[in-house]
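What follows is a single chain, given as C-alpha cells, in the form predicted alone.
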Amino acid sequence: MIKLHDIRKNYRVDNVSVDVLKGIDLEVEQGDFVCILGTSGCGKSTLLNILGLLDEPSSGNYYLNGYNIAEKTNKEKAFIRRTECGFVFQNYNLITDLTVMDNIAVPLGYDGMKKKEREIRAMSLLSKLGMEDLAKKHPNHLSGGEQQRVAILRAISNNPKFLLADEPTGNLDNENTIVVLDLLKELNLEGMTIVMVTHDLEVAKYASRIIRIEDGIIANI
C-alpha cells in the first residue's frame, strides 16, 4: 500500500540547510497498525505529513498503491488526500461554530454528498460509539476525550484507505487515552490501516508494529 524509498527532507534556516529526514525506507501494508515512535524533533511528524501529502520530500520516492506520488499533479494529490487519507491531530482541530454532527460531516460535504445523507452518515458513526446525545452540541461543551473521538469519526466519515494520527492522545488524561487507543485498535481490527505518531512507548504498544526514529533515520523496525 505505502512504500517509501530513501525519503529525505531538509529545510533552510538562516541560510543553513537542516536535514530532518535522512533516508527513510518504509513499507506499510493494507490493514497494518504502525506506530512511529520518537522524541520531539526526530522527524516523525515530518514523515507523517509526507505520508498524508501535506508536505513533499526533498528527494526519494513515495509509492501509494503502486503509484509514484511525485508523478501526480497538485490536483491529483489533493484528490488523494481528500479521498484516501484521514487525519487525526493532537489538538482535535474541530470547528467550534459547528455542531458535533456537522463537524463529522465536513469531509462528506467536500465529496458532494447531500446534506441529509451527510447527517445520516454522521449519526450512524455517533451511534456506533453510543454518542448520539452529543450530536447537537458544540466542541467547547465536550471533554477532551469526547472531542478526540469526534475528530476520529470525522477522519473516517468518508471511509479513507488509511488513517494518520499525530500524537492523538497528547492532550488526554490516562482514562481518555485508553478510550481513544481502544477506538483506534477497534478500527484497525475492522480493516483500517493506521499510522500513528507518538513519543510515548506505552501508547506505541497499542500498534502492531513500532518504528523508532532517531535523528531523522529509522533506528529499528
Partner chain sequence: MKCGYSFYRAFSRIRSNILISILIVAQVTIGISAFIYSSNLLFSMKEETEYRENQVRDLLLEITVDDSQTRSTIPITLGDLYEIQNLSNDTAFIYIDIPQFIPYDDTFYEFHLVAIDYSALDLNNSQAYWEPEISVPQEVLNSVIPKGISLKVMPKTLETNVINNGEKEVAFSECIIIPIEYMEDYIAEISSAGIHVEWSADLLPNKELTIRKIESYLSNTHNGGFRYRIISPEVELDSFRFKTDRSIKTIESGSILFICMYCIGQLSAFQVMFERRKRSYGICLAAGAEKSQLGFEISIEIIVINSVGLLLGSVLGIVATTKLDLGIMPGDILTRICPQSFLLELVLVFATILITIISVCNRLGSNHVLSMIRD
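Residue numbers count along the first chain shown, from 1. Being a predicted model, the structure only gives us computed values, none of them experimental.
Unshown form predicted together with its partner chain; subsequent notes refer to it.
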Requested in this report: Just give me the single entry in V106, A135, I120, L129 that has a non-hydrogen atom within 4.5 angstroms of its partner chain in the model of the complex.
Outcome: V106
Report task. Answer for L125 alone: is it within 4.5 Å of its partner chain in the model of the complex, judged on heavy atom distances? Result -> no
Query - Heavy atom of N91 within 4.5 Å of its partner chain in the model of the complex - result: yes
Report task. Examine N61 and determine whether its closest non-hydrogen atom to its partner chain in the model of the complex is within 4.5 angstroms. Result -> no
Query raised in the report: Could you tell me if D102 has a non-hydrogen atom within 4.5 Å of its partner chain in the model of the complex?
Result: yes
Report task. Would you mind picking out the stretch of 30-38, 178-186, 47-55, 192-200 that comes within 4.5 angstroms of its partner chain in the model of the complex, counting non-hydrogen atoms? Result -> 47-55
Report task. Go through 109-131 residue by residue and record those having a heavy atom within 4.5 Å of its partner chain in the model of the complex; state none if no residue qualifies. Result -> G109, Y110, D111, G112, K115, R118
